[in-house]
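We begin with a single chain expressed as structure tokens, specifically the form predicted alone.
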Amino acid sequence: MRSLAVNGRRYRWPARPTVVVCVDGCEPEYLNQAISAGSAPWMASLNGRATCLTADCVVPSFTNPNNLSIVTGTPPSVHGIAGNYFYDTEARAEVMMNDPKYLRAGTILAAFADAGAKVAVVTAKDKLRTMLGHRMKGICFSSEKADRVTRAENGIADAMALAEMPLPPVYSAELSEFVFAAGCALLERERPDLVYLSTTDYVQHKHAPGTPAANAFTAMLDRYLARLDALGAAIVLTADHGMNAKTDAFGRPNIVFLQDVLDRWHGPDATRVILPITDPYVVHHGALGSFATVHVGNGLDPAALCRRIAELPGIDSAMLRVEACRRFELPPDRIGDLVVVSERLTVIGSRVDRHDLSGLDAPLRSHGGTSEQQVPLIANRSAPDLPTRRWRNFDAFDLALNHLA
């Protein structure tokens, strides 16, 4: 059987259209609750005839590192994307990590396209589009900028007509629905060999599993997955990370403003706290996540500082760079001297005056740490010879192409 080697793994050529779906922020409980409520009949029908696993995403459990892990089949130590945002020590600047120049590995999508496969990518936010489509010949566009597509840039000229939806607001459930509407239409019209669909976690940041809005979102997802299934696609669904409430019993945000703490301890120029969750879309999370890195200035003992941070209320763990890179498979030049992970109900901030929480119209929910690491990994077909191992979300293409019946 024809196969292709990508980043040290071998993938079989797709025998049928294969769709890998990344549902942003989808912890398994979103699916469980919707199925229990009768909101997801297609997913419920998979029981006994399909594949259902629980996998681990990569930490930091943020969008960019996990989407790039899924499409490369590797951890961040290989592909180089360790967050949405980082401190570039060479440029001496804090920058977004959304430029393909930061990628250190090719994608499965580009490799199959180069080998002659028809490949299509639809993502919700445009911040991911250029990296997901890096060096890929095929269709690649975002819901956010679907009205600006060109054949030269995106491989398609009619994304709006394809989805048959108006351009959705960036902060909406419809931004994700547009992804599925376009993906289904592409499968019907173009019959691609490989499709990658990636949503946004707007709903998950605002609504807990089992709430009416969360179940309605999963019901929408269920309808489109049923349509893809009816079109004969092999489907694997996973997530880039989970999601948890980050509040006390009164619904108030639990925040450790780490830069303020370190400034009190050592002065305002001794350390630099970087929050890798930071991206252009901060309304629903205020740039507050469960993972931070710290660059330590000369004259401070990183190990001593690490121990002191670990004792702060709300902090789950603090570790030196070498331990963090080993534990979380991170590239050492893309993180700070220390890595700090908060407890399940707590997030980490920088300074109080750097976070605008005025846009939060619901109790804070966020992600980034080990408490948001478990995600679904399910398929619409059985996998008779599935190996027993620790499954990761970046095994999605391996499951889809190498193991499904």
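This structure is a prediction, so every number in the text was calculated from the model and none was measured. When you see a residue number, it is the position in the sequence shown, counting from 1.
The discussion below concerns the form predicted together with another copy of the chain, not included here.
Here the marked residues Asn66, Asp395 and Asn402 all miss another copy of the chain in the model of the complex; none has a heavy atom within 4.5 angstroms.
This chain is displayed alone, yet in the model of the complex one of Gly232, Pro268, Pro100, Gly251 has a heavy atom within 4.5 Å of another copy of the chain; that residue is Gly251. The shortest heavy atom separation between Ala216 and another copy of the chain in the model of the complex exceeds 4.5 Å. Interface residue remark: Gly349 is not counted as part of the site for another copy of the chain in the model of the complex, having no heavy atom within 4.5 Å. Among residues of the shown chain, Gly155 is not one whose heavy atoms approach another copy of the chain to within 4.5 Å in the model of the complex.
In the model of the complex, another copy of the chain sits beyond 4.5 Å of every heavy atom of Thr74. In short, of 58-66, 349-357, 32-40, 333-341 it is 32-40 that has heavy atoms within 4.5 Å of another copy of the chain in the model of the complex. For the partner-free chain shown, Ala208, Pro209 of 195-209 come within 4.5 angstroms of another copy of the chain in the model of the complex, judged by any non-hydrogen atom.
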